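Below you will find one chain, with nothing else, as structure tokens; this is the form predicted on its own, and questions on how it binds or moves follow later.
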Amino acid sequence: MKVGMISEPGKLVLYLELEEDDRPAPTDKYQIGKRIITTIFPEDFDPEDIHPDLLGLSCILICEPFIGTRITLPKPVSKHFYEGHKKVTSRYTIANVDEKLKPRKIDSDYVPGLAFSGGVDSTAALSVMPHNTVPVFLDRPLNGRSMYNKDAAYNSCNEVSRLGYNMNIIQCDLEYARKPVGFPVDVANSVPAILMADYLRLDSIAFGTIMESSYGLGHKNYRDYPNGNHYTHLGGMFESAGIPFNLPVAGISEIGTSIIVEKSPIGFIAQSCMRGIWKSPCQNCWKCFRKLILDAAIEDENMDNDTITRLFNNKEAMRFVSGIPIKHENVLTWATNKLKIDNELFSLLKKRVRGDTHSFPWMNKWFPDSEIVLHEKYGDEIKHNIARYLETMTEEECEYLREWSMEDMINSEQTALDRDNLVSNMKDHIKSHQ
């Protein structure tokens, strides 16, 4: 893979050129898409001032799935970044290095950055971080038909700015480098913040990565995240580029981030639904399905019949609950256990996710092992802020998490029967309301 660049004040264009041994279709789920990537910055920002290590890291985050054995970057990187990348990456190498280039320097007055989306997890992260945190929103330009509605995200960003944060909205089309559209790697949403790290004087990049994504809660088995590939590989590259990871909500489940947003003074800015407009979610997507149930459980308010009827008249949710396990099934288990709703469809869902037999009372608490993935400079403040909203797991509860496994449930014939019963009844319900 070769990456070239053309820049002018306020604009950076990257050109991706495949070489013979590259991987245009890394899996059967996606392939390389657009090969010209454009980022629009403030007019006084000169892309030529980007440190080559930050530029190199950004290019890698856009290209990595498609790289064969090497990547040639627009500018040679420092030996420090080259060696750091080599230490955590075995599949490919960086072709160009400048032995004389000094690594990126971070001054003591630099501040934390946050790859901000406007959703619940991202807002929870902002809620527990220092007030001088700089949120950066990757604004994807819309090409052709799309269900994505940016109204809520824009309003969230505007409210963040009104609250005194140095909010930055940066247009970047890197998601089109992948077909179907999406981030080539999950942390690629931080590329605008990385490119602007010196301009914004950032010493780290935070993400709204929650416990389901980090430690595997709700997945087949627990993951020792700090020693796993994601943190060592991607986190290692960020560290080598002088812009280390900061994961303030990695030890908090989706249940916990929702509680934080309910209690936080800035929580009102959050909206997870990407299809509805500001303060008016579509109520017809998987996120809305999950959030309606979770919010009702957190607020200890049972849903009325009209809400339940609308809730289960959701084709996308029906596709998700057809899975074993269901994505973020742990959230539905915790939430349905709390709710006492006399409705056949809800009862079938509750049985399928074991909310009738499991309560998981520790899932709304902070996992203290995650302290290791907090940026050292901000760790104490983040932990103090988390404690304002959530209790800390006891050692016994931590052990429950470390022993997390869904294998017996996944392999159970009863689970499949409960799934089939739920999906069949949801199909009938949706058909009757067409």
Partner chain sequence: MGDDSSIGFGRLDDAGSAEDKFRRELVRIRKSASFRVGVHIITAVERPWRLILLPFSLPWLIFSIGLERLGKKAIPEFEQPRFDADKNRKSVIMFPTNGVGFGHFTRLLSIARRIKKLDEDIEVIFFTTMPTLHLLKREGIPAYHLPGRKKFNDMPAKTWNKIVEENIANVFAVHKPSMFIFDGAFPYRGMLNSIQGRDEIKKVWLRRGTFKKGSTKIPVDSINHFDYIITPKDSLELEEHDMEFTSAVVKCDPILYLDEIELRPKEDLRNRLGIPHDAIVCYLQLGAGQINDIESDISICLSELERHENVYVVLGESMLGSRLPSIGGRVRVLTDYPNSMDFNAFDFTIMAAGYNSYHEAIRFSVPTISIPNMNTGMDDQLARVEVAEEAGAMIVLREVSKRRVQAVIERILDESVRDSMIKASEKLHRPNGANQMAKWIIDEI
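Residue numbers count along the first chain shown, from 1. Keep in mind the model is a prediction, meaning the values are calculated, not measured.
Absent from the display: the form predicted together with its partner chain. The rest refers to it.
- None of Asp46, Glu381, Glu391, Glu399 but one reaches within 4.5 angstroms of its partner chain in the predicted bound form through a heavy atom, and that residue is Glu381.
- The partner is absent here; in the predicted bound form, the one residue of Ile266, Ile326, Ile341, Leu345 having a heavy atom within 4.5 Å of its partner chain is Ile266.
- Contact with its partner chain in the predicted bound form, judged as any non-hydrogen atom within 4.5 angstroms, is confined among 94-102, 185-193, 258-266, 352-360 to 258-266.
- Using a 4.5 angstroms threshold between heavy atoms, Phe245 stays clear of its partner chain in the predicted bound form.
- In the predicted bound form, its partner chain stays beyond 4.5 Å of every heavy atom belonging to Tyr176.
- Its partner chain in the predicted bound form is not approached by Tyr82, whose heavy atoms all lie more than 4.5 angstroms from it.
- In the predicted bound form, Leu163 approaches its partner chain with a heavy atom inside 4.5 Å.
- Residues of 110-141 lying near its partner chain in the predicted bound form, listed in sequence order, are His131, Asn132, the criterion being any heavy atom within 4.5 Å.
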